[in-house]
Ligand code: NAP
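In structure tokens, the next block holds one chain alone, the form predicted alone.
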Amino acid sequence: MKMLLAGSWVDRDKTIEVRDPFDNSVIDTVPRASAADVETALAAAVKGFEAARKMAVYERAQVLLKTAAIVQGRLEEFAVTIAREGSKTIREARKEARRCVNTLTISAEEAKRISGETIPFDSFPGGEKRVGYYQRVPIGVVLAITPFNDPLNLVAHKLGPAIAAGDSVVLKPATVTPLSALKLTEAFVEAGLPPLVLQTLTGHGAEIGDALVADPRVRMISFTGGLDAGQRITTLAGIKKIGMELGSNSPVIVWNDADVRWAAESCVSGAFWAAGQNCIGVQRIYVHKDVYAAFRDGMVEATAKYKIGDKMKEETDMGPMITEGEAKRVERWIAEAKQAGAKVLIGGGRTGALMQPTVLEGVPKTATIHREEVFGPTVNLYPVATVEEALAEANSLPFGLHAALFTRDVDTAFKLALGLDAGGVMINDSTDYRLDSMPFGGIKNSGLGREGVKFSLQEMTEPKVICFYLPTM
């Protein structure tokens, strides 16, 4: 596939192979963008912003709705692309494609809701005879950097609000999963997006990332990815707005009055969706000691039923990790935990990039698999005795994206929900739930700002005050 640069689809002599992580077969190649391409993209994006900001709100909304309709009409094609280039099974990929349609539709709706307020200037002495308001205006060129684990819908979460806001965008999709982003770019072009409003650069972050991030023509960076990359971005960005979702190590609390079977089934799905490569996936589960054994047995039973293998088969529940190297990393983390005293209740094996869904207990707090975001199909179980202990353990790490709890008691639910340090708390559900219109983001090392279309629009626009002095009033 070609990349979209300065209004044209271009190729390059140097290319990047896109491989299916299940069998390592080459699906396609994409251009390997260079420093010169970065300059071309940014110069075009500046011109594109002038076109984007002049689009009427209804025009922005129409482009977004047309793009959503194109994706809807080619849903299976998009799903196959998601599944082939990434880790998701075909059933998981179909859900992501449907969510993309929803994200773009919400973006079209929210484009019509960007509003300001009148300002009572005469509320303080000196403000007499003044009237005015503020309105929200586009921020400018947005740099969107997206990850491999949701290669379509997380692109939509950047492009949809930016286009709704009247911004232009330079999109840098994940190097290993660029095809879904390019197909969505094609859909935007087909829907009538003005030529320079969107640039989609495919390439290695190490070669083009720093130049994109540091350039002053970029007025906002919207980044989803790892903590190390996020920290580097903050050191290079300069004076510009930054929105970041940096992952987590999501805790779940299962209380002694919970529906234990439902909690176990929900947590299995939450831990192993997309082979565990999920920023809000379940990683640590703190279970009241009175129901620990029942919950543990339920987790093992539900995990044993999970079918792993070929992503394209309808019966497959979990496919491979994104690369064999990543699967080997998780395998090392499990081995390290075992050596430190942890017990593998089920799983732990690996074949190529296929990592077995793995449940551990007795994991020491010093183990990497306890302290860091695993981003793989493993989950750790811990018994606890009191609410205070559960909260202390759940909040003990420097992450805070999503947390979850299971209880039938409303008082316990409120106490735990208010006490958990996280951007979102799911009650009687796993951490792995997100509605595309809700505010989504974390605290501590989990990020800056919030996504969710309405909330992204706030980040991608700025308030502008208009004040009239009327001396004859």
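Only a predicted model underlies this, so the values are computations on that prediction, with no experimental measurement involved. Residue numbers run from 1 along the displayed sequence.
Not pictured, yet referred to below: the form predicted in complex with the ligand.
Although the ligand is omitted here, in the model of the complex none of 405, 450 and 452 has a heavy atom within 4.5 Å of it.
Contact with the ligand in the model of the complex, judged as any non-hydrogen atom within 4.5 angstroms, is confined among 119-127, 184-192, 368-376, 86-94 to 368-376. Among 265, 259, 210, 324, the residue placing a heavy atom within 4.5 Å of the ligand in the model of the complex is 210.
With the partner omitted from this view, the residue of 275, 156, 252, 401 that lies near the ligand in the model of the complex is 401 [heavy atom within 4.5 Å]. Taking non-hydrogen atoms only, residue 172 approaches the ligand to within 4.5 angstroms in the model of the complex.
Contact annotation: residue 279 falls within 4.5 Å of the ligand in the model of the complex, judged by heavy atom distances.
Residue 226 belongs to the set of residues with a heavy atom inside 4.5 Å of the ligand in the model of the complex.
Mapping the unseen interface onto this chain, residue 205 counts among the residues with a heavy atom inside 4.5 Å of the ligand in the model of the complex.
For the stretch 133-149, the set of residues having any non-hydrogen atom within 4.5 angstroms of the ligand in the model of the complex comprises 145, 146, 147, 148, 149, in sequence order.
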